[in-house]
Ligand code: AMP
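Listed next as structure tokens is one chain, alone, in the form predicted alone.
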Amino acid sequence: MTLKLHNTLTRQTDVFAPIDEKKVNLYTCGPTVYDFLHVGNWSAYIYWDMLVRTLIADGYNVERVMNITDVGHLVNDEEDTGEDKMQKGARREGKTAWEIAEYYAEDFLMGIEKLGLIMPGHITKATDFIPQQLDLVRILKEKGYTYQIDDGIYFDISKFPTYADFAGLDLEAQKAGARVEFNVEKRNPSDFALWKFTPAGEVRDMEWETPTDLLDTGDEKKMGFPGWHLECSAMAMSILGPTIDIHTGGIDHIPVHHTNEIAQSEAASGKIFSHYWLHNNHLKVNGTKISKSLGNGYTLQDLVEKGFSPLDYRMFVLQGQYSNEGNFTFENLTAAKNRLNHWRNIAALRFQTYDTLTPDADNTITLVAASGAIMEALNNDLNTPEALRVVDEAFSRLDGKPISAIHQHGLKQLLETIDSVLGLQLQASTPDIDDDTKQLIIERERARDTKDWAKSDKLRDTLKEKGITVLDTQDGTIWEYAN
């Protein structure tokens, strides 16, 4: 099956062809761990989990690196100014930057598990790769791409002629529109910091001595820390090599962060950094940009407190395609929750039917064909809405059908496909009922046969207390999970 992906590099949907026909090298921009992630942040990681699952289903061995930024991400990314977000978090909570990083990184890892995301093979912290980052600065200096000013070592974009190509930047317009407070020491407004110096008289929680060979002759000892852009390039190339197959991130990364990654990586190696660049679009909340001032940056814990599970949220995210702008509302989340509950009740039918009975041929064909149709949708630029529609259509064929008409093996195969490529854990979240509950259902059926409606109603209430509801059909009783 041919995988097609919208490639920001070429601005078109390309057929995917990895460097190695059996292996894919993938880098994902991870979080800056200075606070809890909100729903907008998490949507990106769900989409990139779908990419990984699709690649694996297509038979590729995926080696994936995802960074954790725990130093060097400044408040103003475009101009390399403002407070380090880690220092800001530390000041907010009265802790050290190291403590903040450890706490929120651990919360991020727990969130990965709650959302059913496949854990990357390499989760790398920027602070663990300081030597590699300094080595990258050293290579760039030796090749003549850097210069030093009072607050750090910068990359000179004028030395990299294709700098503007990736994002289609108008550098002259940017230069003309540069703010008054623009750092006048920079040669170009878009030059970016590779290594920032600790301001004189200041001691940071996270700082390292700048190697003397990176400093201008005669400079005294300078403490410093890496630039955010430098970190990703150093971690990606040190583990995956100078050229990777796929790099993922948000569309807000295109004009600055990813443009800078490409410049410094390709300047250092002389090779293309990544063949495919995938970017997820923004998620708004009630049609509005997520911001702290509006209080709409809902976390996973916020959703749980309102009665929604992380998998409900995963279903919500999959209802939109990664390249389209999304809109989070609690009404939309409720619809996703209801959809997932319906799917779980269909999954429960696998315990109530048998392959020894004669299934409906059309339903069997639909169940078997659905797995292939799901993969076709995902291979078409990760079209998750279409994949969900395929499942809905297959399951709708089972609604109201006699139990004897449902092919158990076909249903199980489809559930396995859904769980492996959509990650919704239908089978894990739908256990069979215990023998005592099954006996109550039998007793209720007998009460109905003898028209003992009082006993039947009482047993229905007992079952509901156990989290089970029953549907009476011409073919017998079907049980479901109570919402």
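These numbers come from a predicted model, not from an experiment. Note that residue numbering begins at 1 and tracks the sequence as displayed.
Keep in mind the form predicted in complex with the ligand is missing from the figure; the text below concerns it.
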Original post:
Do L55 and the ligand come within 4.5 Å of each other in the model of the complex, heavy atoms counted?
Top reply: no
Subject >> H38: touches the ligand in the model of the complex, heavy atom cutoff 4.5 angstroms >> reply: yes
Subject >> in the model of the complex, N280 touching the ligand (heavy atom, 4.5 Å) >> reply: yes
Original post:
Is there any non-hydrogen atom of I46 lying within 4.5 Å of the ligand in the model of the complex?
Top reply: no
**OP:** Identify, from the list H253, K196, R314, R350, the residue with a heavy atom within 4.5 Å of the ligand in the model of the complex.
**Re:** H253
Original post:
Considering the ligand in the model of the complex, which of I441, L424, C29, V62 comes within 4.5 Å of it through any heavy atom?
Top reply: C29
Subject >> Interface segment, criterion being heavy atoms within 4.5 Å of the ligand in the model of the complex, picked from 411-419, 29-37, 432-440, 445-453 >> reply: 29-37
**OP:** Output the sequence-ordered list of residues from 67-94 with at least one heavy atom within 4.5 Å of the ligand in the model of the complex.
**Re:** H73, K85
